[in-house]
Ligand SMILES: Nc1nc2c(ncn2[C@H]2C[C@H](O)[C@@H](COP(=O)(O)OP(=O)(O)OP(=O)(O)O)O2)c(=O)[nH]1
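Take a look at this single chain in C-alpha cells; it is the form predicted alone.
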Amino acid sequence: MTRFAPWAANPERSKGRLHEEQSGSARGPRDPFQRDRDRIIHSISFRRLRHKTQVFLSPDGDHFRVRLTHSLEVAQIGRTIARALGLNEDLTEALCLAHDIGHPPFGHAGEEALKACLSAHGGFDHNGHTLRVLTLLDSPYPRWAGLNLTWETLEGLAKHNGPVAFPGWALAAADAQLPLALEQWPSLEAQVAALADDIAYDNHDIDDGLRAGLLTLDQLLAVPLVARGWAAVQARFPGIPPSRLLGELVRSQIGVMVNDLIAESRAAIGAAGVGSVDEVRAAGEPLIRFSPAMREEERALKRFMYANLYHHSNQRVAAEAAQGIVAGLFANYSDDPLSMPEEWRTTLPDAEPERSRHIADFIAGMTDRYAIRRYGDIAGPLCLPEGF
C-alpha cells in the first residue's frame, strides 16, 4: 500500500462515482484513481488529441507538439511534483492527461469560433466541455453515459484553475449531476496539474517556436529568466555550439521552475497546517504555487510568448482561417443537418439551445485534419495559409 501525506487525496476515502460499480479485480488490482487514469488513456477523446492543435495548427512537421504530446509532458512534470510532495501520483496523472480533452480543433482559435457560434446559447468553454465529454459524450460502457470517473477526478478538472463562481452551462450541468463543491479550492493534486500545465507549455512552446523560426534566441534573451538560464547553460558547457544548447536551456528552465514550485509549496503546506484534503479545500488559497519572485518571472515569460509567438502575424493569419473553418462547419450543419454523419444527425434535438449545442459537440470532437476535410467537402478545395 502506497503511503500518502495527510493532505493528499487517498483513493480509499474517495467520494465515489455517480454510478455504482461492482467491486473486484477482474480487470486488474487497481484503485479508483488508477482506474480513472486508465479510462482516460483508453478513451477515444484522449486518442483524438494526437491530431489537435497545441500551438501550430495542424502542423506538417513531425517534431511539433500537439495536444496529446503536451498532455503527456504535463503528466510527467505533474508526477514529479506530486511524488516530491507526498501526493497521489495517479490522481495527478489522470488530471494532467485529461485537462485538455475538451479542446476543439485548432485550439484556442477553434474555441473562440465555437464561443461565437453559441453566443445565443450559453457560449462554449473548453474546460466545461472537458466535463461534458467525460460525463456524457465519450460513452464506452453499456450501463451509463461517460467514463463514470471518480468525484475527485471530476472535481479537479472542473476547478482546474481554482474555485468557479460563475460556471458556464456545461460545467453547471456536470455539477448538478454530481455536486463538485465549485466554491472551494480543489485538491493539491489538481493544483499541481494546473501549474504543471503552465510549466510545460511555457517551456515547450519556446522549443517549438524556435524550431518553427518564429522565435530567435536573441529575442528570448530579453526575458530575464531565460537570460539567466542561458548564461548558466553556457557556463556548464563551454565551447558547445549554441544550436546544441537550446534543448538544455529548455530542460534546465523546467527544472528551475519545478524546484521552485516544490520548495514554495512545501513551505505553504506547512504554514497552512493542513492535515487532510478537506482542510486543503477549505484553506481559502492555493497551496501549490511558485515563489513570489518566480511567479513574476513566469508572468513575464508568458507576456513575451503572447507578444512574440501566440500573436505572431503568421499565427494570426492561420487562426483566422481556422475560425473560418469552424464557423463554416457550424453554419452548414445548422442549415443542412443531413450533411452530418448518421449517428449525429439522428440524435439532433429539435429545440434550442440543445440543437446548437449538439452541433457544437460534433465539431468540438473533430481533429484538425478531420475538420479541414469536412470543410473541404462543403466548400471545395482549400487554399490554406502557411501555418497549416
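Just so you know, these numbers come straight off a predicted model, no measurement behind them. Don't overthink the numbering: it's just position in the shown sequence, from 1.
One more form of this protein should be noted, the form predicted together with the named molecule, which is absent from this view; the next part is about it.
Triple contact flag 67, 205 and 315 to the named molecule in the predicted complex, non-hydrogen atom at 4.5 angstroms: All three within 4.5 Å in the predicted complex.
Position in contact with the named molecule when the complex is considered in the predicted complex, options 197, 155, 138, 90, heavy atoms within 4.5 Å: For this set of options, the contacting one is 197.
Option touching the named molecule, based on a heavy atom within 4.5 Å in the predicted complex, out of 253, 127, 191, 265: Contact check passes for 127.
Partner-facing stretch of 245-253, 115-123, 229-237, 159-167, counted where any non-hydrogen atom is within 4.5 angstroms of the named molecule in the predicted complex: Stretch with heavy atoms near the partner: 159-167.
Residue 363 within 4.5 Å of the named molecule in the predicted complex, heavy atoms: Residue-level check for residue 363: no, no contact with the named molecule.
Exercise: residue 55 in contact with the named molecule in the predicted complex, heavy atom 4.5 Å: Looking in the predicted complex, residue contacts with the named molecule include residue 55, since a heavy atom lies within 4.5 Å.
Contact test in the predicted complex: residue 73 vs the named molecule, heavy atoms, 4.5 Å: Result no; residue 73 lies far from the named molecule in the predicted complex.
Touches the named molecule in the predicted complex: residue 311 (any heavy atom, 4.5 Å): Flag for residue 311 set to yes.
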